[in-house]
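Single chain ahead, written as structure tokens, the form predicted alone.
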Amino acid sequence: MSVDQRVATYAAKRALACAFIVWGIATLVFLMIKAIPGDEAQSAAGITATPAQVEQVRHRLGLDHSLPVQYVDYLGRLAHGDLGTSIVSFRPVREELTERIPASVELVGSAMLLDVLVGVPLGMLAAARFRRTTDNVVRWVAILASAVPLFWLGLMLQSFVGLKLDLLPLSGSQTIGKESPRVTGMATVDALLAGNLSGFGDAVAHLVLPAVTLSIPFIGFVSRITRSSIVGTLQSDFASVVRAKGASESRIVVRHALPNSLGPIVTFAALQFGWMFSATVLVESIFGRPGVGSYLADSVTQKDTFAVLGLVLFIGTVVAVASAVADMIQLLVDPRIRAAQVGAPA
């Protein structure tokens, strides 16, 4: 079997494992629905529904069937993208979720960009000054950043930067009157597509505080991973040879160590996408952004059972897929991992 065939086989196995995880999450969500006290049909029909209307809803949702039949029907609906109907808005959860995903992607993408622009240089600086004062300072800052609670950090930034200094907006995604026509659902992108530079600046201003809040703990992780990866490369025989030729430590870090250390960094970035999506529940709620996280928080507050369970399934799927993508990226960019997993030459 060729290397390409072994890689394809590994990818298929990883995709199958991801599908199994998603199935497990879906099964757990189904059991959660059945474990919730009360009548599902009554909840879906509304508290003002008559008994006849409740029975009609029960029949339409297949709740008058046996539990195994309901489970199979439930998986069939999920396969077609049916996440249920909100008992608050009476709209399909999939529709409401689709409207909110772009705002969360915009926030997560901005936070990941900050991670790379800040975390990687910090890690490089710490590695270049290994076991010196700069290295110790960067490591302690990274540890503190990783340990900061998101909700506390968001509230402090709101209080100091938004209220006391009055530099940036406190909440929302845009100022009323500066919105652009919805095309992608991302305020910054829609403003650029409409040629609305004023609206673009306003959208960016609203994005800064939540993106910084979401990124700071992950900046700590990125800097630590970058540092450890580069330090390992700097201690290799290859680095010693380059150092013996007269290359400066900074040149070795930038030109040689960093490219050879990108595997773990890229892998973590893929994993980070899924983790950040789950962390948006706190950040979007604090800053009042209309994304997936705030939708989940609102649904919990309003006891919108089917919306909550649909969102839990969606976020769990995002994390599972991000993990599978991270494994594949690591396989492709790191010859050592490729050799261990599929027997390809390192």
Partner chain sequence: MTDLLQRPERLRIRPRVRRRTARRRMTWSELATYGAVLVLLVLAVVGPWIAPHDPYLVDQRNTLLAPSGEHWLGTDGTGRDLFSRLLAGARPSIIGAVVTVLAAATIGVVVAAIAATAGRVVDGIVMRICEVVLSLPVMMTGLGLAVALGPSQKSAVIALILASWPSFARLARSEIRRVMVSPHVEAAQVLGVSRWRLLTKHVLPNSLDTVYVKAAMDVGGVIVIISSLSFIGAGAQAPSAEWGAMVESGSRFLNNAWWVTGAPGLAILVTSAAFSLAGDALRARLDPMLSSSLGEAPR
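Positions refer to the first chain, counted from 1. Owing to the predicted nature of the structure, the values given are computational and were not obtained by experimental measurement.
One more form of this protein exists, namely the form predicted in complex with the partner chain; it is left out here, but the text below deals with it.
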I'd like to know if Leu67 sits close to the partner chain in the predicted complex, meaning any non-hydrogen atom pair within 4.5 angstroms. no
Could you tell me if Trp275 has a non-hydrogen atom within 4.5 Å of the partner chain in the predicted complex? yes
If you check in the predicted complex, is Val300 within 4.5 Å of the partner chain, heavy atoms only? yes
The partner chain contact in the predicted complex: Thr134, any heavy atom under 4.5 Å: no
Partner contacts in the predicted complex for 149 to 188 (non-hydrogen atom within 4.5 angstroms of the partner chain): Pro149, Phe151, Trp152, Leu155, Met156, Gln158, Ser159, Phe160, Leu163, Lys164
